[in-house]
Each structure stands twice: as structure tokens, then as C-alpha cells.
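One chain comes next, on its own, written out as C-alpha cells in the form predicted on its own.
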């Protein structure tokens, strides 16, 4: 899908559950902080917009995107979070470092979803340029942090639906 002139964070036509009873951990990378701070703010604002209480949102910085997986594992093991939102930004460079980091983080976060049976959300930007990152961190294409927060809330709502059907 082309993202030209499209706000990718639009949730028009979708229902988002009330988040007032859920607890969230946000694990975010300090690397590319201009971008990741905007993602974090987008996630926090969206969680609150849908009813999450400030005291039910914990914030945990890690040095870089590679460390998101272990940070999320710590959050799963040592907090009472119902969902964990991982936020980072890895900008394509001239070496294969980008590929190694992105692959490792995506697999690590996927594995944590299965291991802990809670939503661990991949909110990591993987743009080619800084401008693309800016556009997706509150710019013309929305805010991936906000999208990650909505995903966390919706996955908890889905979990609750399955629990109620049981």
C-alpha cells in the first residue's frame, strides 16, 4: 500500500475498547530520541484518550532498538502490565547493520508474545531516511506510537472476548 499523502494512523471505521482497566508498559529506545520520544508521547496520549489511567502506564527506556526485546521481557516478568508497547526507530544506513537489528527485534518481540501470552506490540519504525521517520512520528503519516497503543488496546479487547466466550 502506498503511503503517499495518507495518514496511516487513522482508525476511522474501527472500534477501540475502553482501556481504563488495562495496565501498559511502554519500552522505548533512547537511540533516535527525537523520533522515539514523539512515538512515546503518541502512545501515551492515545492510551489516555481511550481511558487508560496515568498510574497504569509505566515507561521504560532502553539504549537502542536492539535492547527492546530484553526490556520487554523484563516488563513481562517484573511488572503487572497487561500489554507491552515497544517503540524504536532504526534508519537504513550504508551497511547491513539495519537488517540484523530489524530482524532480531521483530523475531524477539514475536517470541515474547508467544512466551508470555500477552500482547507485546512492535512499534518500531524502519524507514530509509530521517524524513520518513519524522513523517511517521507525528508527521503527515500519523504516529506509529499511537498505532501501537491502539493495537495493544485492541489485542487486550480480543483477549477479553475469548475469555468471555470460554
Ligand code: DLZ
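Positions refer to the first chain, counted from 1. None of the values given here were measured: they were computed from a predicted structure.
Just so you know, the form predicted in complex with the named molecule exists too; it's not on screen, but the next bit is about it.
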{"item": "Listed residue (133, 109, 57, 101) with a non-hydrogen atom within 4.5 angstroms of the named molecule in the predicted complex", "value": "101"}
{"item": "Contact flag, residue 66 vs the named molecule in the predicted complex, heavy atom cut 4.5 Å", "value": "yes"}
{"item": "Residue contact check: residue 89 to the named molecule in the predicted complex, 4.5 Å heavy atom", "value": "yes"}
{"item": "Partner contact for residue 115 in the predicted complex: the named molecule, 4.5 angstroms, heavy atom", "value": "no"}
{"item": "4.5 Å heavy atom contact, residue 46 and the named molecule in the predicted complex", "value": "no"}
{"item": "Contact segment among 28-36, 135-143, 115-123, 48-56, judged by heavy atoms lying within 4.5 Å of the named molecule in the predicted complex", "value": "28-36"}
